[in-house]
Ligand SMILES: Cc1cc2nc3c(=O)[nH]c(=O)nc-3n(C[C@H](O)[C@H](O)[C@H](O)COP(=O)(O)OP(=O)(O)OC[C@H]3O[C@@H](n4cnc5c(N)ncnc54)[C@H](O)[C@@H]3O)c2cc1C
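Read the single chain below, which is given as structure tokens and is the form predicted alone.
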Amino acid sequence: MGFSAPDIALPKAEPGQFFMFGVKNCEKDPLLKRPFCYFRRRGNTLEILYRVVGKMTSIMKGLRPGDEVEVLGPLGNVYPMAQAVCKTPLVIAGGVGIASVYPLIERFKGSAILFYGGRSKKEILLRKELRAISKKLVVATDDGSMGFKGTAVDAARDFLNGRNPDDFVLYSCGPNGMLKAASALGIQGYIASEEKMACGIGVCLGCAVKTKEGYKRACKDGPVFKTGEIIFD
């Protein structure tokens, strides 16, 4: 979904950041905005990527050109990129988590190796675009309907067999189980939390994540954290 603000200049968003998104005139149900990763920019239009899973996204599916929405952002921190100058970016994404890393892969200009996973072929999106902007695209599906049979992390682990993890820098976004497994690969880098958020600005404390330095807010202190920083119970 793309959105624009004809009367003002939309702020610049960076890979890793997100927007709190709401629909006007929905009778306060759902009451709270929902977080969506910055996906990409096309001219004066910013885009998000979403899967229809609940009431908000069901309403969003019915929006038409010209409808008004409420957007707060961009929010959160960004993926650090300095390490990728001397190392190969190794990117692992699952499902719509691809939205978070898509603009990051674009920035790497053909140097990133991407492992992209889903439950089946139907969940693998943007294959043509991702192949065009990546050095290498490896697709993984749980049911084996496309590419490697298994998870994206399984495919990455297979690729790393016999290679030096220190030659790579990790970037990953997806569900906690995937982030935990990606963090265990032994590659230094960054992961983006998909914790549920209510306010997006660090006030409500609803998106607290457990870290080695105590609890932190995914919206304000993240959503991007160093590998090994989050404690996955």
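Numbers for residues come from their place in the sequence shown, where the first is 1. Owing to the predicted nature of the structure, the values given are computational and were not obtained by experimental measurement.
Omitted here: the form predicted together with the named molecule. The next part is about that form.
Interface residue among Met81, Ile133, Val96, Leu137, judged by heavy atoms within 4.5 Å of the named molecule in the model of the complex: Val96. Comment: the named molecule is not present in this chain, but in the model of the complex one of Gly43, Gly62, Gly66, Gly54 has a heavy atom within 4.5 Å of it, namely Gly54. The chain is drawn here without the named molecule; in the model of the complex, the stretch among 178 to 186, 160 to 168, 66 to 74, 43 to 51 whose residues come within 4.5 Å of it by any heavy atom is 43 to 51.
Contact annotation: Ile191 falls outside 4.5 Å of the named molecule in the model of the complex, judged by heavy atom distances.
Residues Ser193, Glu194, Glu195, Lys196, Met197 are the ones in 191 to 208 with at least one heavy atom within 4.5 Å of the named molecule in the model of the complex, listed in sequence order.
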